[in-house]
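Below you will find one chain, with nothing else, as structure tokens; this is the form predicted on its own, and questions on how it binds or moves follow later.
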Amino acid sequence: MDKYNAIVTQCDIKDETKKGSLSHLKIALKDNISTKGVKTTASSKILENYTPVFNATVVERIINAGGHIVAKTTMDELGMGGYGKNPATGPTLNAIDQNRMAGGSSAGSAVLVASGVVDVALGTDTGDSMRIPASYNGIVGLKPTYGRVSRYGVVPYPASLDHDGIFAKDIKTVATMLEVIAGYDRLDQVTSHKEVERYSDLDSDVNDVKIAILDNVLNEIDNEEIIGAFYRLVNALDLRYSEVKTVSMDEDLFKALPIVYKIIANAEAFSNHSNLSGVPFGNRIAGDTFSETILKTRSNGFSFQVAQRMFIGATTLMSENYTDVYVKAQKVRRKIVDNLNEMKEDYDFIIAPAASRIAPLLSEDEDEHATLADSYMVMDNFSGHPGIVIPLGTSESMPFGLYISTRAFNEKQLLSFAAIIEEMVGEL
């Protein structure tokens, strides 16, 4: 029984003739990743009967490495949500406390890993869609560099922000999976030709690295247990490394992160999902005219939250708003990325608590106590830099995580550094 409401479809995808590094692992996929002959609904009513005739590239690579895919997992509908409350089948429940939110949008994948149902799961990360669920459920969540992993066959949200990513309980398993799914794909021209390194060796030189503490995030957190655990780790890092310094992002840019995300993400989503009209894709509700068919299909197929985001996106792209809203947001995005690049020229890693709080209760207004510390990780989606969240501690018996980011395509050093911290946290 799926007591977490984390599974959309159980499946049995495996090629017994294939053996490789994933042969011993049970794997789950977020239900926006296409699987041949198995429904891919993106947890939306409009796609509830959609069955792809092809596999996403990441699925082909998992199968060829001996992986066994056992489930397609719930998600906020079409990726539009941050708490796992908006799948068409109802909220996904936290793996540790079923009265709490799982985090989103990659809710089901995080929960199946945290509950031990699967060994590893794929999700997608558009703002912090994997890293917040990782923090809320006490597991590891990696968002690789933009272009490191193919998105061919993945239902898009905003194409310039979407990343495939990996959940597991430990760094080693995440690294093993990244070796399999990373690399150039001729079907996705955004993918990089850069060599896929032996990430699972976890042997990169991290003996003389510079670490930056992102002060803007800490200023937004008043949970004493989160702050205490973070500074215990900082003290341990200070003893081990020569340079651990506090840095600040330009405060105006830091405060702009959520609104710039909302503008760009919803504009791109409106464009990307224009095909969900009941004509090429989507459960068609027939009307007397072509326009009426589209209106009925989308009105019936989208939840209020998705329809609201589509409306924002459409309004943003209107000719009278495009320059003053969308273009301006892109200019601010550029300034944010420039600011991040400046910091990463001087430091190898940026660290901070992943969020200001533990997973909210389902009965709460999820946004009531949220701060900028609960949405800042979107900066790595703007820049394409890799970011990872690993367990840091507990508060009220619920987990919270540590965020680590680095320069583009520096996953090997990032994973090696995260593995060291993983060990240090266990000793604190």
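Source: prediction; values computed, not measured. Residue numbers here begin at 1 and follow the sequence given.
What comes next is about the form predicted in complex with a small molecule, which does not appear here.
Proximity of residue 151 to the small molecule in the model of the complex: non-hydrogen atoms within 4.5 Å are absent; the residue sits far from the partner. The small molecule is not shown here, but in the model of the complex it comes within 4.5 Å of a heavy atom of residue 81. Although the partner is absent from this view, residue 127 contacts the small molecule in the model of the complex, with a non-hydrogen atom inside 4.5 angstroms.
Among residues of the shown chain, residue 333 is not one whose heavy atoms approach the small molecule to within 4.5 Å in the model of the complex. Residue heavy atoms within 4.5 Å of the small molecule in the model of the complex occur in exactly one stretch of 81 to 89, 250 to 258, 222 to 230, 282 to 290, and that stretch is 81 to 89. Within 4.5 Å of the small molecule in the model of the complex, a heavy atom is found for not a single one of 43, 273 and 302.
The partner is absent here, but in the model of the complex a heavy atom of 157, alone among 349, 199, 146, 157, sits within 4.5 Å of the small molecule.
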